[in-house]
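Okay, so here's just one chain, in structure tokens, the form predicted alone.
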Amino acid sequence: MTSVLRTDYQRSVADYWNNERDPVNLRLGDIDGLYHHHYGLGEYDPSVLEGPAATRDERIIAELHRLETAQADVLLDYLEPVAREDRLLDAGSGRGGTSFMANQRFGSFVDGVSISESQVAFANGQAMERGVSDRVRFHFRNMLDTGLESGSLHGIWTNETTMYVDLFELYQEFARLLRHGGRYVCITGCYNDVTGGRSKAVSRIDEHYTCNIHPRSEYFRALAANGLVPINVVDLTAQTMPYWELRAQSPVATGIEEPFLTAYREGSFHYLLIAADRI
């Protein structure tokens, strides 16, 4: 296996995540030990904005976390069925939230890979605390070159991580890893080819996260080139907008909320779920 960090860009991304201590990730995860690095789905409960001002922030934090956990549940729905002895991969696993949810739901083995050494150490610590380190493990590896055995995986997911890599390279690696009939599930933001190139709002998101958001069409070209055939494509855009509307009113707002809402409302950006099978 080659060096984990291949390029200056990957080193800059790893440095960003090694040093990231954003309350929008940490305060939410502190609620139940599930630390997510993705966004939420579903309508929020408007009552969290009402009631005593002294506890308003805590109510909003809890509701944002509920919506983020709901997003991961939707992703895992599209991986089913999964048996206890199946092996799964969380590609770009962050602090491990979705990996632990997969193990809780299926009882399966889960490997997570991240180019952030601090995230890997944190997630492995969480696995120890949860008593699942024999079945959920995190590795300092590149999702483009995981070093895992060919044909060994029943399922793979990427939860808002594909905007950091070349999709053709990524799906070549996933096609190698998945057994015949294995399932890949992706949730991602992607820009709308129909409206042309990146809008100003999408460019601001790229700049904020040091990422490179792909056009929608690129996902389907890269999947097809690597024998991954979509079976479900779900536009989640309308379902994620309430999350951003609530987050904009929260104590953990980062300033990127308005570009997301603008991009979604103008139609230049989509929040998409793609489930594809390995043929």
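Computed from a predicted structure; not experimentally measured. All residue numbers refer to positions in the sequence shown, first residue = 1.
Keep in mind that the form predicted in complex with another copy of the chain is missing from the display, and what follows is about it.
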*Specify the contacting stretch among 201-209, 67-75, 138-146, 97-105, defined as having any heavy atom within 4.5 Å of another copy of the chain in the predicted bound form.*
201-209
*So in the predicted bound form, does any heavy atom of Arg84 sit within 4.5 Å of another copy of the chain?*
no
*Could you tell me if Ser133 has a non-hydrogen atom within 4.5 Å of another copy of the chain in the predicted bound form?*
no
*Should Asn232 be classed as touching another copy of the chain in the predicted bound form when contacts are defined as heavy atoms within 4.5 Å?*
yes
*Examine Tyr184 and determine whether its closest non-hydrogen atom to another copy of the chain in the predicted bound form is within 4.5 angstroms.*
no
*So which bits of 3-41 sit within 4.5 Å of another copy of the chain in the predicted bound form, heavy atoms only?*
Arg6, Thr7, Asp8, Tyr9
